[in-house]
Each structure stands twice: as structure tokens, then as C-alpha cells.
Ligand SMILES: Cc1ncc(COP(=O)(O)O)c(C=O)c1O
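Let's start with one chain on its own, the form predicted alone, as C-alpha cells.
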């Protein structure tokens, strides 16, 4: 396991969604509050960034580069982590700058990140070019992939599963299913590896936010590669295969970041029944899947809230339709 740069307020709590259970006539439902990790409004990327920032510092990096969508939760938390570490941060965002920065984009600017805009399809190419320019100028750039999802970053969610297993034992609960939004893959890959390492016997189901089934290059195979890269970094002999992963592709809707009835229903129910704010892209879609899918069974369901509520402000019209 690599070193860790402390950023998160841990452990995050597990809470019971009692009012939602009553409203839906199901249960038990639990929520793991990784929206409360603390760094710049919190979220799941903070756990990954503890390891990524430590690795960057070990390599004497003086500028962090990463990429994402204009409302990327990962970019916002990366910018904040760079501030805590005393490193410059540059963000490569897909699209064109809006006339009025809002949500995560507003926070990126407040955190002092330098923003670069490019076509969505050219973000990685643009980031590589900027890294080369910084190296040529005598700087030491450290590139973080989408979502902080590589073998270094995913360690954060291996340990998050260990944390949850301890909490569940202390609380005397045993949810048969854990559900989490899955996109860049580091969170689900880390949880799956952690489940094997620390004895969680239930299923970890990733709700695909932006990846449909693609035949021979399935998302499950990508998750296995990522989990095994994480195992190598942690120096554990365990290896996973695509068959060890459960991904639900039924809730892709009209595409990434497009709010539909599934997300609106989930956002309003969680807010009006529990006073908890989901985000319109990831947790809104993933909890919408919980509402329409597997809500009950032996031991119930634990939903991982991965944060992102800052994006609500940029999606106000879509959310309130």
C-alpha cells in the first residue's frame, strides 16, 4: 500500500433511511454518507485523493493535472486537495465555458485552479499536451486520470469497505446488497476488492452512469483490470475477474448528465423524506435505480452516497421540471 495524505474526515457514518422505508413500504435501507468526507463539500474522490496526492508528493510534483466534465465533482475535490498539499492545479474540462459559472465550476475557480477548455473527446490528448509543456518548462506535473480511478486511487475504496464492514458489525446489521454509482470505476473496483479482502459476503452492484454494454470489451472487464492493478499496488495476491462484478446498465437514460424522471424522483424523495441532498448526475441516478429495483431482501440495502450535491445549482431548471 502506498502512503496516504490525510484529507478526509473518517469514518463517514452509516444511517438508516427510516422515513423512506415507511414511505416506500420496504426496508431496511441504509446509506453510507461519503458525501460527508469533508474536503470542499465532500464526496467519494477525497478517499482516492489521499493516496494520489501522497504519490504526487513522493514524486516531488509541483502541479496536478486532471480532466473531467464542467460539473466534475472529481475536479473540484482535486483542486481542493492540491491546495491542501501546496501544489498548483490545472483542470482540463470538456466543452465551452458557460457565461455564468455555477456549481462545481464556481468552486474550481474559488479554489484557484487554472482551467483549460477543449472538446470533450480531446480532454486526455489536451492534458497530455499540457503535461509535456509543463515538463519542458522545468516543472514536475502529476497526471490524475478521470475520477482518480487507477491502482493508486482505488486503494481508498478498498479501505472504505474495511471501514464499512467494521461499522456494520458494530451496528449489528448485514445488508445483502450495496449499491453505488459507477462511472470511472475506481469506487466500485475498490469496494469489490475490499469485499473480498475484508469478508463482506453480499453483492456490490454498480449502477452504470455512462457506460452501456459493449460486447467483448465490457465494463466489467475494465473493473477487473482496475481492481487487479489496485491489488498489485497494495501487494496482495488476490485477483478478480469480470465475473466478480455486478453492473446494472438499465438506468442510462438519455445519457451522461441528462436529468430525467428517475433522477428527479430520487432527488425529491431523498430530500423530502430524509433531508439528504443527492446530486443530479451520479447519486440521483443510482438511488433512482434503488427505488425502481432491488429495495429489500435479507438484511436490506446499503446505498453509498458518493457526494456531488454542489452540481444541483447548475442543474436547477432540469431538477425542478
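Numbering follows the first chain given and starts at 1. Please read these numbers as outputs of a predicted model, since none were measured by experiment.
One more form of this protein should be noted, the form predicted in complex with the ligand, which is absent from this view; the next part is about it.
In the predicted bound form, residue 149 approaches the ligand with a heavy atom inside 4.5 Å. Mapping the unseen interface onto this chain, residue 46 falls outside it, with no heavy atom inside 4.5 Å of the ligand in the predicted bound form. Among residues of the shown chain, residue 30 is not one whose heavy atoms approach the ligand to within 4.5 Å in the predicted bound form. Proximity of residue 306 to the ligand in the predicted bound form: non-hydrogen atoms within 4.5 Å are present. Out of the listed residues 89, 181, 161, 105, 181 is the one that sits within 4.5 Å of the ligand in the predicted bound form by at least one heavy atom. Of the candidate stretches 278-286, 258-266, 52-60, 22-30, only 278-286 contains residues with a heavy atom within 4.5 Å of the ligand in the predicted bound form.
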